[in-house]
Structures are given as structure tokens and as C-alpha cells.
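Shown next as C-alpha cells: one chain only, the form predicted alone.
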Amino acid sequence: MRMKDNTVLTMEQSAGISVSPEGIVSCDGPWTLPHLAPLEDRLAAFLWPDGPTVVVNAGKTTAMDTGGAWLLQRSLGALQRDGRQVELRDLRPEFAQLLQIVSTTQAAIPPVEGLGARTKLEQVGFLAWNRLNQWKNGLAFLGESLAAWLRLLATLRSIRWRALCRSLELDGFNALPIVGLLTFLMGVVIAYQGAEQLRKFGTNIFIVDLVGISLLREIAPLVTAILVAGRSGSAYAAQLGTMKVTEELDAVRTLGISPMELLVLPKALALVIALPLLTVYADAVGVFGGMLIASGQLGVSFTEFLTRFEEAVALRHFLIGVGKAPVFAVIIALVGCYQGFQIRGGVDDVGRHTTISVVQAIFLVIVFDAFFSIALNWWGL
């Protein structure tokens, strides 16, 4: 092709296959490895001519390597297995010799048994085996984490204070706005919905009991943990997964440093400190939201609200809510870090395990919260 400045441009010919109006299949261009991916896609959707005999004209094939010969032999062999005759025309002698070598080698390889579709029983066994391996890896990670915690308690000087303070800032201080906003809205919603019912019976003052006990005991620690799981747990998985993909974790191990002590323990310890503090902050903000609605909807003043709050809401409700927070923190940190270490592939695997870490952390937080509720009810608390 020529342009106005008489510069000659040449376009590299691509491999192709087509059918002429006479029903003759034509193989064109270089059937070589760089061109096989689009050619294989074309062959997968190719409509071969009808009839007992298929004529293939390979005269326009400009180049062929082992990959191209294998692809051509596979396509022709599929036609022959369907009971149709194949007539190959005008193939260069060197290409025909390569095609013969590929055909002979392919015939000499015995078929592999047992690679067909799995039966239902095999699928169940495969799924059970995968789940068993996941449980085994999870228990091994939990045991390694516990051993690292014990070593840390034995030698407190080994705590990495800089990493700990950095995690406290990222996972604690920076989470204050979103935690405060959401728990404030939760307090508003609980008080507003309760006000509609309490007004009917003239028991407006009991809005304090409803807001105080529900927020301090259940809602504030649970909502805070869910927010931190989505915010920090996903970040842990993404960070460790990216470090594993880029082989930074291997470099850390090469230097004789344990990734558990360098990356996991500072995050877990920081979250154990930050989550109870965030829960206390969420308690205060949520109760304040309930106070505003109680004052506006039920005529309960701030003074009356605080007086009733001191009488009706026992200290144990606050302690139970705050006591759950460290357990939730350990769950979130360990699940996020574990999923980060499980990443094996590339960027897609990082995103998948990040999502899994959030889902598993939230699920386990809710499960343990339900367990605490049942156990405390049995103990009369």
C-alpha cells in the first residue's frame, strides 16, 4: 500500500481458512505459532462444507511450523472421525512432511484414561477434598498465629511499634468518620421506629432503654466490626496478596524475617486495640442520635434521657459490647491475612480472595455474635 509521500507500507499476512463458492476449503497465510490463537478461534466456529468428501486446498499456505501442523492435523482428524473423507491438495512437500511427522507422533501417544467429565460422586468427593484442605490450611495458619502471639508475649521488645502505630492510624483513626456516621444513623433509626410504637402506649421514657441497651450491647459492636471487616480486612488481603504476587514475601523470608511477625501480628494487635475504642465511640455517637429523636419526637429532654439512661442501662451491657470487640478484631485480622497468603495467581486472584476475606469475616463476626448472645442468655447476663 502506498501513501502520498511514496512510503511503502506492508501488512503482515495473517493465517486464515475460508470456503469458496465451489465448496473447497482454502488454508491461507502463515500457520505458525504467533498466529494460532485467532486461527483456533476461527476453526472452533468454522462451518465445514457438507458432503462425504471435504477438499482442502493448502496451496496458499505461506509458512507452517509444528503448531500449525498440529492444528491442521487435529481439524482434519476430527472430520475423519466423523466418517468423512478428506482430500488435501497443493500442500508444499516440506509442509506435508511436517504434517506426516505430527500425525505419526500423535498416533503413537496413547489416550489418557479418566480425563472425561467427572461423575456426580467424583464432584462431591473433589469438593469435599478441597474443603478439607481449606480447613487444614486454616487450622495451620491459626496455629502459626497462636505460636507467634506467644513468642510476642514472651519478648515484648520484638513488637514493631512503627508498624503498629501505622496500623492504628489507618484502621482506627481513619475509620472514625464512617463509623460515627453509620452508628449515628442507626441510633436515629432505632429511636424513630421505637417512638412510633411507644407513643401509642404513653411510655415515651422507655425509648432510653430501647436505644441504650440495643446499641451498647449488640448494634454498635456488630456494625463497627462489619465496617472494619469491609474496610480493613479487605485491605489486609489485598496488601499481602499483592506482596505475594510480586514475590516480596519470598524476599522477606530470604532475609530471615517471618512474614507473620512482620505483617500479621502488628495488624492484628493494632486492630485489637482500635476496635474496642471504635466501639466506645460508636456507642456515644449512636446514643446521641437516639437522644435527638427522643427529644424531637417524644419530648424526652436530654436531661431526662441521661437520668433514665443511668438508671435503666446497666454497666454490664456496655462491658459485654466492648468485650466482643477484641474477638471480632482477631477474626477480621486473621481472616484477611489468611486470604492474602492463599493467593496463588495474578491480579484476578487478588480481587477474588479480597472479596472472600470480606464475606468470611462478616459471616464469622455474625456467627460469633450469635454465639455470645446465646451463651450470655444461658448465664443470665
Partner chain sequence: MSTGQQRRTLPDAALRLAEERNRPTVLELRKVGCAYEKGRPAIADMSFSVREGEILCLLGPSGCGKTTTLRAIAGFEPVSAGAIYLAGRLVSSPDVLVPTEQRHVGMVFQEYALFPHLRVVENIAFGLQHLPADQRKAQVRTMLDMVGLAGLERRYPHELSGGQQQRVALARALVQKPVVLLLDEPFSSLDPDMTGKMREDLRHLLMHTKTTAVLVTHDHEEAFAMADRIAVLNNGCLEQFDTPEAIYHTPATPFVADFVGQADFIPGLVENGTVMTEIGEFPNQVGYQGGTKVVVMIRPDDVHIEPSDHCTAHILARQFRGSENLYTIGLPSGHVVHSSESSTSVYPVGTPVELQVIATHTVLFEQDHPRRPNG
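Positions refer to the first chain, counted from 1. Everything quoted here is computed from the prediction, not taken from an experiment.
From this point on, the text means the form predicted in complex with its partner chain, which you will not see here.
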query: Pro276 within 4.5 Å of its partner chain in the predicted complex, heavy atoms; finding: no
query: Contact of Pro259 with its partner chain in the predicted complex (heavy atom, 4.5 Å); finding: yes
query: Heavy atom of Asp250 within 4.5 Å of its partner chain in the predicted complex; finding: yes
query: Leu255 within 4.5 Å of its partner chain in the predicted complex, heavy atoms; finding: yes
query: Interface residue in the predicted complex among Arg199, Arg84, Arg160, Arg74, criterion: non-hydrogen atom within 4.5 angstroms of its partner chain; finding: Arg160
query: Residue among Thr303, Thr246, Thr155, Thr119 with a heavy atom within 4.5 Å of its partner chain in the predicted complex; finding: Thr246
query: Region of this chain that lies against its partner chain in the predicted complex, out of 179-187, 93-101, 204-212, 259-267 [heavy atom, 4.5 Å]; finding: 259-267
query: Neighbours of its partner chain in the predicted complex among 49-75 [non-hydrogen atom within 4.5 angstroms]; finding: none
